[in-house]
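Okay, so here's just one chain, in structure tokens, the form predicted on its own.
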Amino acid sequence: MKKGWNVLIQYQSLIWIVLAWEVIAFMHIMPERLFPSLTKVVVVAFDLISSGMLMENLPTTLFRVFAGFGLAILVGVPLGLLMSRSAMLNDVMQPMFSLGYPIPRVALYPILVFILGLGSASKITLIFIECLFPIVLNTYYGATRVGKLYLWAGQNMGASSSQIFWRILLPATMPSIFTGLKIALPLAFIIAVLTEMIGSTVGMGYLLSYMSASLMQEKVLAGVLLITLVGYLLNLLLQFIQRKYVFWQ
């Protein structure tokens, strides 16, 4: 009973949003064609799942998200760690990240399309660039905040550079790395959907764009609802991995 009450308290903001949505739809404050009830949107969402439209498009979007996000992890985490250990590399890279962070990187998409085409390559590259910034910067600042006392203690106990890295520096930086991943993952999803809306013949962004152009607003909202649900589940998966493997934070 207490656990159920705690869940209600935790998600009360969502409950209020649902209630407000239903009240607005019931009172016809907005035209039903533009703002259908949430119940109707949920029914349409199940129709999208049962008709196969979701499974025709979601795997392509997930592939692009995981490819770009995974490449950003492979490059961003080692780069952030190296920047924290090498003053010269930090001097070279830090201005690029400081100046590049505020740039709306989606503006680079036409250039990437010109170079790589309208297929997955240009979308994955833009997702990679977008995710790289939070991953590198969170890794870098997490590594620089590792207590010098731990590093000195390791050196005094005769630990090699490799042992200090794997036993002290990397584990102490892992919470910050996961913070960067949790910021980057939703960005990957947003960029994937956005670029698919601009130019694609498959994917969740294309599906949203097609339904919006066909004035099927309840299907657009159902698609948004499904994208939100998938993004939320991916975030839960990331949190589960963090709790299981970074339990010392």
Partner chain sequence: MDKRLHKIALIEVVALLVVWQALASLQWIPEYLSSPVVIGKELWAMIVSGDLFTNAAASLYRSIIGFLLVALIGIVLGIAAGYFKPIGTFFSPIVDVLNPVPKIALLPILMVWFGISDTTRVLLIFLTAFFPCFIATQDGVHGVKQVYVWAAQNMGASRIQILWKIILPASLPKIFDGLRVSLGLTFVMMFSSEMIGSSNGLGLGFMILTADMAGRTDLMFVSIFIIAVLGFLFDRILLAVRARLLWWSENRG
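C-alpha atoms forming the largest set that superposes within 1.5 Å between two forms make up the rigid core. Residue numbers count along the first chain shown, from 1. Since the structure is predicted, the reported quantities are computational estimates derived from the model, not experimental observations.
Keep in mind that the form predicted together with the partner chain is missing from the display, and what follows is about it.
Contact here is defined as any heavy atom lying within 4.5 Å of the partner chain in the predicted complex, and by that definition not a single one of 18, 50 and 170 is a contact residue. For the options 94, 86, 160, 144, the one in contact with the partner chain in the predicted complex, meaning a heavy atom within 4.5 Å, is 94.
Picking from 97 to 105, 72 to 80, 147 to 155, 161 to 169 the stretch near the partner chain in the predicted complex, with a 4.5 Å limit on heavy atoms, gives 97 to 105. Put simply, residue 66 is far from the partner chain in the predicted complex: not one heavy atom of it is within 4.5 Å. The shortest heavy atom separation between residue 115 and the partner chain in the predicted complex is within 4.5 Å. With a 4.5 Å cutoff on heavy atoms, residue 110 counts as touching the partner chain in the predicted complex. In the predicted complex, the partner chain sits within 4.5 Å of a heavy atom belonging to residue 221.
In the core-superposed comparison between the shown form and the other one, the C-alpha atom of residue 239 has shifted by less than 2 angstroms.
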